[in-house]
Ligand code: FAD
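In the block that follows, a single chain appears as structure tokens, in the form predicted alone.
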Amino acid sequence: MSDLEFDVVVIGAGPAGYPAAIRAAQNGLHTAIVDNWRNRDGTASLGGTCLNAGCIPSKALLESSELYHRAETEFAKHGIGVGSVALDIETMQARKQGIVKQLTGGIGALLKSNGVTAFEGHGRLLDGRRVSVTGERGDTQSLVAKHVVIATGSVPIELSAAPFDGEAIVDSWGALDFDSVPERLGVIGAGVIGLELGSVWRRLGADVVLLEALDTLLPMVDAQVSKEAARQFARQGLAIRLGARVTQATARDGGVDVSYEVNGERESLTVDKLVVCVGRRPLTADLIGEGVALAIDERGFVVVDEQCKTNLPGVWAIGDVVRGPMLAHKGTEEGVMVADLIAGKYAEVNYGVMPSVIYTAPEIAWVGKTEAELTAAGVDFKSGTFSFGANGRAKGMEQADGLVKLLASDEDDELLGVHIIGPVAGELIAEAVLAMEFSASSEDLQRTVHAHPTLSEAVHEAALAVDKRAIHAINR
């Protein structure tokens, strides 16, 4: 069978791959995309981990569980009597799956409307920028392209001390599919995914223990925000044990026995379910054909430059499979950049203003540098903070916990970092990202009108506090 010819072939249809394919087609390039995702029932689905087993289903459950928790604990404060609140996990899970199905189906429609040819099967890079596509039944097709874009994503890391069994010991996908609330839930890892999944099931009634090997909670977050987060999580009943290194997890009838060490002392607990969330690794299994000298580093990432070019001419790589934070939006921006570069257009990704969000309650979001990073680099800076406790909108929402913190250069006042813990922090951080993209100063935010009453006023006041000019807080 002769090769099918394309200008661009993208391997992987997650949040990096499908935007790359769409933009390439929009740029007038004959484009194909290859994807091998399979759901639990064996059906194919576009969107990768993010839409099928990560970002989207987790946010659906976070929203449902938060509403349940608020109905139980908060509605009465608003004068709303709801009586006994009933939990229907089956309906909650069905809603989640409905959202996933709608969005993944939408990707197919977008690819088709933009003229992208989609292939189901495992894509493998061969020499000469050829891609073999092996279908579920073993049938193969061969594609050849002027440019190949690798966007195969990542998979959960499995611990040898706690191997997945798909029932009692599960990865993050498994934790999204529980059909009942575990009485006792253990989570290995108190990072972004562990905290989000722990929050879901804690709100729904589980006793949750998170075992974190590091001695610091969320070390990538500004220390002041991390301290506030620890306080809020403790209030919510999330038991976070730092410096806890798991040595063995054994599934048995009715639960999982977990052994771990803290400061050299052996400890143990028994849980009904154990979720392992210790990070993800790039997915390159059977990606490269024999004799293809694609450079991969010691951690398994495809080696690329700042434009996501690999060492092979005409071969690019984007998203979780390359260096940098494993963020869906980072992959999307890289995919669009690569598609534009292939078309001969100018494009770049500003990694210095890449936002991160943790969708707990309160949410945590940040962009730019932390105080610790600036201090270590010897950068002179000034800071301003403002508490949501002094924000009228937050008070009216019964979500007045948390703060906004701005860091600006002492030399020229340019914004260097913005850190938020509070209601809809993931939405509020967008203003900071936009400001930093255009090298704005704290004074620029001070002079920007913010509607009243809004949560965004907290950002405004934090900017004013940088120069000790806050109106609704005591300047110290």
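Every value quoted in this text rests on a predicted model; they were computed, and no experiment measured them. Note that residue numbering begins at 1 and tracks the sequence as displayed.
Here the subject shifts to the form predicted together with the ligand, a form of this protein not shown in this document.
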Could you tell me which stretch in 429-437, 53-61, 443-451, 409-417 has residues with non-hydrogen atoms within 4.5 Å of the ligand in the predicted complex?
53-61
With the cut-off set at 4.5 Å between non-hydrogen atoms, does residue 233 touch the ligand in the predicted complex?
no
Spell out, yes or no, whether the shortest heavy atom distance between residue 152 and the ligand in the predicted complex is within 4.5 Å.
yes
Heavy atoms within 4.5 Å of the ligand in the predicted complex: does residue 27 have any?
no
Does at least one non-hydrogen atom of residue 121 fall within 4.5 angstroms of the ligand in the predicted complex?
yes
Give a yes or no on whether every one of 11, 16 and 326 sits within 4.5 angstroms of the ligand in the predicted complex by heavy atom.
yes
Please tell me which of 184, 280, 101, 393 lies within 4.5 Å of the ligand in the predicted complex, judged by heavy atoms.
280
Which one of 287, 221, 143, 367 is close to the ligand in the predicted complex, taking close to mean a heavy atom within 4.5 Å?
287
Along 399-436, which positions have a non-hydrogen atom within 4.5 Å of the ligand in the predicted complex?
none
